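Have a look below at one chain only, the form predicted on its own, in structure tokens format.
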């Protein structure tokens, strides 16, 4: 049951995008606000007070994701309903929706909490049947869950995603091998996946303004101005992208593990920075041990009160998944690369160069000491797993009333993966 194009097997892929997801869930669970302009925000008291999502009415007032709460309020002269994000609820609803997708295919690949690709090549053999199947799924989501979804139907993942953006909310769009030049090529270059602000600026500088311009520019020219990403964008624009939708339960190779937080107040000295970095390092180390990985590179990122962002990284002499080592390296990186011109607003710790087994330890390191520290940190992992994160904390974080409630395992610090295999 596969489509054929020029003698090559062609897949039929959906990309589903739940409309205004966070805000729609809040309106679903609280019908009294359905007719209001609604924004879902972070916790203002913990300085996560920005707009994370908005409903259609709020969007009409020009409110954008990333606006501060006061900016959103200024744009909306009438009543603006502000709801603090409930990530546990959103994950629960997301699972319900994706379980419906899995009834239609064993290839369902999440692209964030509210989006997914679905390979339906085994169920349909042409785009007319594919459209009807997408309509069936769209109607089921409305009836069984109470949310609307936009679905793109195409022969690869890139065009399927573009299709889900063509008509919103609550619609199905089809992009085929015979119509993609008419449908896709007139779109702005930034509508293509992987074209961010920096890439867009380089394209515009070379008079490449649409997806069609990308296709006409040629792979060699794009490689000259964008490197390997230029080759990828050419394949994306010309419909040659052919990566598979992952099977249910299949995951990308993990390339890095990290955690970050915007602090409850600005940090003013190295002791406060040390406390936060070590808490983040504990979270990162715990996640590494959960997937049995070690890292040989540590990165620290920080944002100042002026919203300037920096990241620095350092290779390790030997792989580790110990919070003590990760925290120590992160702190040294910060000390060596920041002169305290401004106070610190947020911090992040990330590990890279991951491997699935520790290499032989340097002969100058005490292997027994390392094993003891590993055992101790695993005991802490176990206690927190049974009784919650707050059952045991570092003393340095308890000294500060504003930082004592910092919980790096809280959902507000977690970033939902937006992976793409090419």
Partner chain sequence: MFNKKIVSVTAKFLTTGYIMPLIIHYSDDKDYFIDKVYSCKNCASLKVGGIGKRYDIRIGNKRTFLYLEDSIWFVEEKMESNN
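In this text the structure is predicted, and so the values were computed from the model without any measurement. Numbering follows the first chain given and starts at 1.
Omitted here: the form predicted in complex with the partner chain. The next part is about that form.
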Name the single residue among 88, 144, 305, 136 that comes within 4.5 Å of the partner chain in the model of the complex, judging by heavy atoms. 144
The one option of 385, 62, 31, 66 with any heavy atom within 4.5 Å of the partner chain in the model of the complex is 31
4.5 Å heavy atom contact, residue 108 to the partner chain in the model of the complex: no
So in the model of the complex, does any heavy atom of residue 96 sit within 4.5 Å of the partner chain? yes
Is there a non-hydrogen atom of residue 240 within 4.5 angstroms of a non-hydrogen atom of the partner chain in the model of the complex? no
Evaluate residue 255 for contact with the partner chain in the model of the complex, applying a 4.5 angstroms cut-off between non-hydrogen atoms, and reply yes or no. no
Looking at 144-152, 334-342, 282-290, 199-207, which one sits within 4.5 Å of the partner chain in the model of the complex if you count heavy atoms only? 144-152
